[in-house]
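Next up: a single chain in structure tokens, the form predicted alone.
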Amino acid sequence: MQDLAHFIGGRRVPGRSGRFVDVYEPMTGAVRARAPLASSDEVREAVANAVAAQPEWAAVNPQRRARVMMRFVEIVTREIEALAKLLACEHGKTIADARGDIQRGLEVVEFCIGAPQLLKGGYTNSASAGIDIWSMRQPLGVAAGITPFNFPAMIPMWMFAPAIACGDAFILKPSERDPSVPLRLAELMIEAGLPPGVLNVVIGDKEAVDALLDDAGVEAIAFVGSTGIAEYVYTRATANGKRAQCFGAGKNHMVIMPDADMDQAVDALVGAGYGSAGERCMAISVAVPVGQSTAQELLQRLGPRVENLKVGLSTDDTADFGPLISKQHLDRVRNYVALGVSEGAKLLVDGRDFKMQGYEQGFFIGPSLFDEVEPQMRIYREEIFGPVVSVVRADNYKDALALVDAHEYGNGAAIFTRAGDAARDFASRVKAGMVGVNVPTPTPLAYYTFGGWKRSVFGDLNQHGEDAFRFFTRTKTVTSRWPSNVREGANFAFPTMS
């Protein structure tokens, strides 16, 4: 078993707080490492390193900052197999899924290579007599990111890549459950040419989070996690005068219309509902068949597919999904399935008692499928974050749309149909930040932004895309007039362009 360390000032720094947390291998249930939990003093040390390094980094022109991103993409691509194995070992997702985690993060880094274009301001010559006006985007200073366990490569890259490309320094506080990949990514950024101190990684719990939220050296906070904590982080950060973007839970619906290609819909639902053991904020956890005949056809095809899903080791190329992240989370998901039964939902497939032969201490659970789920049930209202799909029947399209809109979360929603008018109406009217039309998990590509609506988000700007460059910079506007031989005297009227 190894002891992990923080990454501060371009090197690994052992924890000094005396507090540690075990990092598990979900396949076996064994402890594979100890991670230090940073004290507030250690967080302040990381912030001080970032504050000291940021001005020189901000003075590097955007083209050269982009070259660091280019080299980082090359290095991570070279190291992707080793990173994927490390990620799978510590998180539990399959290696194929881990590669996708890394690749989707790299796509945002690739987008950030366009920083010279994305950071351009505007210019107006002769906006008024002898007056020119131009705007510029300037770095904030130091930003921090608090990331969840479920995407230990992708979400850190979604945060630190645009911040660093903008000229900011960055403090990353990854999940203490699987911090090894974020630490390795920071080392690879140094290899790519990033100066020490521009990217720091501190492992920690609430003490570290609160230290980041309260430190005057941190100008902005980005967060992804549960809604309760997202609201807490947003409230405390903004109360301290910081810019904040905080993303919370999701309960993503997939509406299946009577004219849908049912084979396509079932394939999509199985992959989006059970992939990565349901530990995705964009997982489809609610299927909404429209009409009783649609529901019957869906369940006739869906039930056998769910029963035959292969739960396996993270290293098994034929496995559909692997174990959950921890014993605590395994118990939580099992309890939700039991709750659904007690609430009166019909449990068609029960995965609670699944055991992996030879790995009985691993955090494995099989897939579960509920029918006849009602909107008042907790298994419908709350994010389970496991391989559990609920079927909520709707009599017609109007009722299906109203069901989606009434939910407190609004990350993503999808519709499966052959009718262009229904798809267009759904995309226009549904109250969700990301919409799929015959696409189950509508996660936008890197050059669009990612973010939900309602209580799935706190803050005005989304992740990646152009919003990231807005979030991690300040706009400054300059109005300029050079002296001439003509003196007009003092003018006490409010200035206009007339």
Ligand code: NAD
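Residues carry their position along the shown sequence, with the first being 1. In this text the structure is predicted, and so the values were computed from the model without any measurement.
The discussion below concerns the form predicted together with the named molecule, not included here.
In the model of the complex, the named molecule sits beyond 4.5 Å of every heavy atom of Tyr336. Residue contact check for Tyr359: none of its heavy atoms lie within 4.5 Å of the named molecule in the model of the complex. Remark: Ser226 counts among the residues lining the named molecule in the model of the complex, judged by a heavy atom distance of 4.5 Å or less. Interface residue remark: Met189 is not counted as part of the site for the named molecule in the model of the complex, having no heavy atom within 4.5 Å. The partner is absent here, but in the model of the complex a heavy atom of Ile146, alone among Val218, Leu199, Met157, Ile146, sits within 4.5 Å of the named molecule. The listed set Leu183, Val349, Leu298, Ala249 contains one residue whose heavy atoms approach the named molecule in the model of the complex to within 4.5 Å, identified as Ala249.
Using a 4.5 Å heavy atom cutoff, none of His253, Ser285 and Leu302 lies near the named molecule in the model of the complex. Heavy atoms within 4.5 Å of the named molecule in the model of the complex are found in exactly one of 204 to 212, 132 to 140, 163 to 171, 414 to 422, that being 204 to 212. In sequence order, Lys173, Pro174, Ser175, Glu176, Arg177 are the residues of 169 to 187 having a heavy atom within 4.5 Å of the named molecule in the model of the complex; the partner itself is omitted from this view.
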